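Next up: a single chain in structure tokens, the form predicted alone.
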């Protein structure tokens, strides 16, 4: 997008078109809800609110899915990075239990929306594989398996032989198959949500950066370069790509870059051996890697790092080495697309709910899990504005934002650290 080949890569090349939109031109457009940001959270909010009878205006500074929603791997996972039992320990029993259920059920919400609205977004609800590297990784997924089983989740622990059959590589010591999860073409899903929201009656404006927000007591007044909106509720859904109006949403997150590279389509014989069940894969190391298929049989392979400066060559060379080590038969298969984006990481690896003003709320800090949680949290925000939920009924408590310590240094450290790891080893 915006002429940058490294922003959305394969997803932009293969996604159906977004709704035809343009900048906000109206003056004092009156709506019940103003949503800022046209990613998973904002568009889910708009869709559910419009279906519930509210008038909605979505204001996007760039294009639909421009931020993290259009750049990620496309794994529709249940839960967060942290162990499921850690949620009540961190948030208290009531909120922790509520969040665990909300996130555990979130993939089914995604796939139900895809089916109900006929979204052409390559949804494959066949589960994901969390693959263990080494004995520490095996202990990690074994404990995750134990905890999720207690809560009735359809998860299965695979030994090394079973995970080799499921992935096509002997690199892993085990794997956790989560049947609630799956894969999706993320930009196509964002555009599908946009089409559904517009059809439900929401107004969608792109290239409409909000430059001013004022509390007028009876409503909020929002201004863009060419228009203005009056709204009773404002929901800020910009996460790691938040601009200047609410800098605290970005200041509390450490931005972690993540890149993807997509191969040329594999042959039928190769696809029969590599990921024959079409699950998405992610592994256990801190500098993790992931892979999954797209509809055309391209293997989308990614890891931590930014495709810029010195990192361009380092990560590209690592990708080649690591893929060849996992799957020697792909040694001559070229990469056709490369792109990267930013993940917003919080101090406890959990998302945040902030009250930014009177009837102004924001969910942020998805920690690399934006698709399913963003969709579910958007539904929750819509329910709040529609009077179906109270603030205290939401899956997270309202908390103040806290600036991350040494944010800039840590972000540079993560980017440099990923380069060091990828420069010195093939990772597996």
Ligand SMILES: Cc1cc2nc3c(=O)[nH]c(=O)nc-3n(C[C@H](O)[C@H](O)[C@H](O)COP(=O)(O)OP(=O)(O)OC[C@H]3O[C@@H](n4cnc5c(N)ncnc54)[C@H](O)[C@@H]3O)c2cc1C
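Treat the numbers as computed from the prediction; the structure is a model and nothing was measured. Residue numbers count along the first chain shown, from 1.
The discussion below concerns the form predicted together with the named molecule, not included here.
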{"property": "Heavy atom contact within 4.5 Å of the named molecule in the predicted complex, the stretch among 22-30, 392-400, 36-44, 378-386", "result": "36-44"}
{"property": "Non-hydrogen atom within 4.5 angstroms of the named molecule in the predicted complex for each of 9, 289 and 300", "result": "no"}
{"property": "Distance check, residue 254 to the named molecule in the predicted complex, heavy atom within 4.5 Å", "result": "no"}
{"property": "Touches the named molecule in the predicted complex: residue 130 (any heavy atom, 4.5 Å)", "result": "no"}
{"property": "is_contact(residue 239, the named molecule) in the predicted complex, heavy atom dist at most 4.5 Å", "result": "yes"}
{"property": "Contact flag, residue 153 vs the named molecule in the predicted complex, heavy atom cut 4.5 Å", "result": "no"}
{"property": "Of 114, 314, 306, 343, the one that lies within 4.5 Å of the named molecule in the predicted complex (heavy atoms)", "result": "343"}
{"property": "Position in contact with the named molecule when the complex is considered in the predicted complex, options 158, 322, 73, 196, heavy atoms within 4.5 Å", "result": "73"}
{"property": "Contacts with the named molecule in the predicted complex - residues in 50-81 whose heavy atoms fall within 4.5 Å", "result": "59, 60, 61, 62, 63, 66, 67, 68, 69, 71, 72, 73, 74, 75, 77"}
